[in-house]
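Take a look at this one chain, the form predicted on its own, written out in structure tokens.
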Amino acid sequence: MIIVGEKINTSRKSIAAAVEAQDVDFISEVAREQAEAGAHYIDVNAGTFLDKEVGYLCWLVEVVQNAVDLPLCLDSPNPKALAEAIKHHKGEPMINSISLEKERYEALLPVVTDRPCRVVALCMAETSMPNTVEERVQAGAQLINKLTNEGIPLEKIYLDPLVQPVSVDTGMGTAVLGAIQSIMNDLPGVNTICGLSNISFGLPMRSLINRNFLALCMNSGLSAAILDPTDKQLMATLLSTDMLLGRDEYCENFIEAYQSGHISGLS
């Protein structure tokens, strides 16, 4: 299970203030905390700054990679910001995200084919968000076909079934779970990823909802998740679910995380 640490996102007030102040120490510490908690990638997102996003995203790439020896998930809807940020990245990044939207696809294609990277591909039609399992799987299959035809290896593609809040539509949880299962069964070799916390937006006890949804997603075959790795209860759910699904030989990862204090039970 690949963990993408979500915390360096300027939609969070503390991160936005640190980016605007160019506070290297603060951003570095947030990156290190996520790395030590078990993240495999660190997400960097400066999208709330709009006109300043390109410069701020490039700055984040350099600061975070100076602080931790991990690849980054370069996260932006702006192809220009991603094209510039990848120039500053050491090693193979994850690019989040490409979609079937014509303008976005054509602008990002040269970025994701120019050098090795992992690609987050959104399961949405060109003009609309998906509602059903079928819409998600169909859009994902189209993207796989297009991207692999451009030479991107199937195993480097991460389909995102686009988690939407159950507070808006209670069918959104089952739609995502069904899409993950169908994608992993019907499109062998590809990966799936989701932004976990979107599921609980607008509801109380968000952490509880996120934990339970994560376990369900993992049981459906989810490959990776964008989440907060410093949430010890969430990580306990992740590692215990991995163990119960037979993916943790001799329970070593779970036991090690418990002994090191990186996970905890319900308070």
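Sequential numbering from 1, following the sequence displayed. These numbers come from a predicted model, not from an experiment.
Here the subject shifts to the form predicted together with a further copy of the same chain, a form of this protein not shown in this document.
- Comment: 165-173 is the region of 165-173, 127-135, 107-115, 142-150 lying near a further copy of the same chain in the predicted bound form, near meaning a non-hydrogen atom within 4.5 Å.
- Put simply, residue 21 is far from a further copy of the same chain in the predicted bound form: not one heavy atom of it is within 4.5 Å.
- The closest non-hydrogen atom of residue 241 lies within 4.5 Å of a further copy of the same chain in the predicted bound form.
- Within 4.5 Å of some heavy atom of a further copy of the same chain in the predicted bound form lies at least one heavy atom of residue 177.
- Contact check for residue 58: every heavy atom lies farther than 4.5 Å from a further copy of the same chain in the predicted bound form.
- In terms of contact with a further copy of the same chain in the predicted bound form, the residue from 54, 67, 37, 215 that brings a heavy atom within 4.5 Å is 215.
- Proximity to a further copy of the same chain in the predicted bound form, defined as a heavy atom within 4.5 Å, holds among 30, 224, 209, 63 only for 209.
- Of the residues in 175-210, those that come within 4.5 Å of a further copy of the same chain in the predicted bound form through at least one heavy atom are, in sequence order, 177, 199, 203, 204, 205, 208, 209.
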